[in-house]
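Next up: just one chain, as structure tokens, the form predicted alone.
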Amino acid sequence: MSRIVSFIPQYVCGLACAVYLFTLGIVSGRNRGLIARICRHFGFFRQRELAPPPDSRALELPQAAIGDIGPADEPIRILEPIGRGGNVALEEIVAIARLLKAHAPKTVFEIGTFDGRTTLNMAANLPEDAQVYTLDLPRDQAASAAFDISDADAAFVEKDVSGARFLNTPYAARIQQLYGDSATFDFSPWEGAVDFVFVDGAHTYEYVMSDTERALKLLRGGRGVIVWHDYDKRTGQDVPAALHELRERRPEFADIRHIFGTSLVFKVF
């Protein structure tokens, strides 16, 4: 009985928040993402995602073709072409490689390493003197993460080694593995010193927005490229909601673009 009594204040607070969330709060993309997560918690989207309605594929950002984002006549290198669950698609590797060839960054920062397949391919398509820093959440920190982590993201945290695909390759020397929660990690040594940021960490609204703010601070003199992964409503509402909100509310993101045929979005600053 005492436990029930002590829970009453939280219940009242939660009830009040729920009333706001499902009334006035619906105008916020962040709140819509939270409602989507509530539905997933109770199994709704797990069932519907197997057979999405036709209009669930509709995306709203302006699009760019892969052939228009980088030089088509410059060769790119594709390593580890066979992907696995959690990897970017092969055409997305091609798109990222073309962006790298177009902008020739000297310093790249990746948020979300997983098995290092994207990391490896970025390193392989950079100038020889370029450096890649990649940040991954170790599994012993998942329970204490600053924001909620989805079940799908949690599965990718549960691994013995981050970046297994680039270890013991000729490109490993260009890559530095970092560990931590991107919401609380100390990015200060790299602030203002990065030319290209790939955001592919946790895919909740809070992490996408937090990682984007971190990415902006990393850019060298405010100039460079930011790329986001998983802009796809079939796999979740949070990434689209966050990117749509950025475009709608912040002028610097007005020309953010979705790369056609992929779940990648990019912005050149």
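We number the residues from 1 along the sequence you see. Keep in mind that this is a model prediction, so the values were computed, not measured.
The protein also exists as the form predicted together with a small molecule; that form is not presented, and the subsequent description refers to it.
With the small molecule left out of view, the stretch that reaches within 4.5 Å of it through heavy atoms in the model of the complex is, among 124 to 132, 168 to 176, 82 to 90, 99 to 107, 82 to 90. Of the heavy atoms in Gly192, none are within 4.5 Å of the small molecule in the model of the complex. By the criterion of a heavy atom within 4.5 Å, Ala202 is counted among the residues contacting the small molecule in the model of the complex. Proximity of Ala95 to the small molecule in the model of the complex falls outside the 4.5 Å heavy atom cutoff. Among residues of the shown chain, Val157 is one whose heavy atoms approach the small molecule to within 4.5 Å in the model of the complex. Contact with the small molecule in the model of the complex holds for all three of Gly112, Asp115 and Ile149, each having a heavy atom within 4.5 Å.
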